[in-house]
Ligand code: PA5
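Heads up, the chain below is alone and in the form predicted alone; it's given as structure tokens.
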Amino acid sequence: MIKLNYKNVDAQVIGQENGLNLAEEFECYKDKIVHIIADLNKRKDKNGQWLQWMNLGYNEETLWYVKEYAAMVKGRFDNILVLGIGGSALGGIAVTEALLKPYWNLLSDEQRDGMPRIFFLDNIDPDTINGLFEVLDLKKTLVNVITKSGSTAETMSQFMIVKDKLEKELGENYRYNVVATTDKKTGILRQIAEQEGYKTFVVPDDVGGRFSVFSAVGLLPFALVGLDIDEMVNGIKDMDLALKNTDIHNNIAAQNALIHYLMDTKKGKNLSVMMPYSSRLKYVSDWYVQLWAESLGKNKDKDGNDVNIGPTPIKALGATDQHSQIQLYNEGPNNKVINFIRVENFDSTLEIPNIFEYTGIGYLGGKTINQLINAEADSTRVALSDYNRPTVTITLERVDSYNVAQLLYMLEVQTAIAGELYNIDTFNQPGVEQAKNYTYALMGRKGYEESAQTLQSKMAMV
């Protein structure tokens, strides 16, 4: 199981002004945490609660269908192209970057064990899209288009372009190069998929995009490139069992949720930095940014009160950002909680040769890069405590399917618990919808004519 070290948020380490009396706080909040955890697990099977993501580790049917399809298309395609944005892409990027061999798309077919390369087109920059078409042979590419509503402007515009190119190259057979992940019954993409005859997978009801990584949204791309999705599911199940524990002393998701909540509301530390000391986990920070920001940034609480709350997530990478951000973290505003992710055992060992022995860098000889990166993590954590800056450290035994799945699921549960502590709706995102509606209006979508006129007037003033 992954571990959480929260000693460096305690007042005994970083002082009363910036730290928490954790023993007292755990005692004070223990009954509330019991209620929150029990309530989340009771509500997860009810429609409309948006908690079905807590059941994804037990969906054997989806797992079976994904593995069956992956086996059926194995060897047919050189590339997987995932079209999606936000929750339809960030989880997939985070997991594939963590678990595939580094520089996967640059490796030879033999080095990839015959598995395809994978590309995520998660933005609508025209130069990037055109550049990708120059390096991809679409005839040898399986396109996975992901949007539950089927009306996501970014994803569907990408798909319209890709479909047009595929159809011109392959004719009616283009449909065998497309697999859609969308709503089970409704939506534009569901309608298109049934008309065109695409293979489809389902984005489950009551699972928001930022919580969808362990549905077919993520499992399908993972299986297509040969990742061990059975071990992912095992990791989720084991972590889910651990996080059902209602005792805050034995529930790391509850501990970190409460720490962040109290640091924000009692100490004014409303920035949450996610800083893995592993390049393979770099994109976990990107995924965490969406999870934390969309879930917890709300202007009203459940009682309708204006609150405008939410800790702001920041992504960082150790040791890289020791040389770009730590100066600010140590000596700038003391308004952050820094989350380190530390890896105990890397897949490989890299020794530093014993050269330049009689110079100032001779001390490095005979050591390993493995030792160095974890020494950097440990020293930075201690240095921050010297400046009375709160940190927590999440430790993974290794970066593999089991542990990465545990990490992401733990952060999902942590987010849900934090939302209950803030007394907000963790699963809606009204602040995102306004910009979407304005985009529809600007692009001439039917039914948004009045919004377009209003928007044009506002744009002329700003």
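Values in this document were obtained by computation on a predicted structure and should not be read as measured data. Don't overthink the numbering: it's just position in the shown sequence, from 1.
FYI, the form predicted together with this ligand isn't displayed, but the following is about it.
Novice: Is I85 close enough to touch this ligand in the predicted bound form, meaning at least one heavy atom pair within 4.5 Å?
Specialist: Yes, contact at 4.5 Å.
Novice: Is K436 part of the interface with this ligand in the predicted bound form - any heavy atom within 4.5 Å?
Specialist: Yes - in the predicted bound form, heavy atoms of K436 and this ligand come within 4.5 Å of each other.
Novice: Going by a heavy atom distance of 4.5 Å, is N55 a contact of this ligand in the predicted bound form?
Specialist: Because no heavy atom of N55 falls inside 4.5 Å of this ligand in the predicted bound form, the answer is no.
Novice: So, T152 and this ligand: in the predicted bound form, are they within 4.5 Å at any heavy atom pair?
Specialist: Taking the distances in the predicted bound form, the answer for T152 is yes, it comes within 4.5 Å of this ligand.
Novice: Among the candidate stretches 114 to 122, 141 to 149, 364 to 372, 230 to 238, which one is within 4.5 Å of this ligand in the predicted bound form when only heavy atoms are counted?
Specialist: Going through the listed ranges, the match is 141 to 149.
Novice: Heavy atom within 4.5 Å of this ligand in the predicted bound form: which of N388, N245, Q290, N79 fits that? Just give me the one.
Specialist: The option sitting close enough to the partner is Q290.
Novice: Quick one: of G91, G209, G318, P221, which gets a non-hydrogen atom within 4.5 angstroms of this ligand in the predicted bound form?
Specialist: The residue from G91, G209, G318, P221 that makes the contact is G209.
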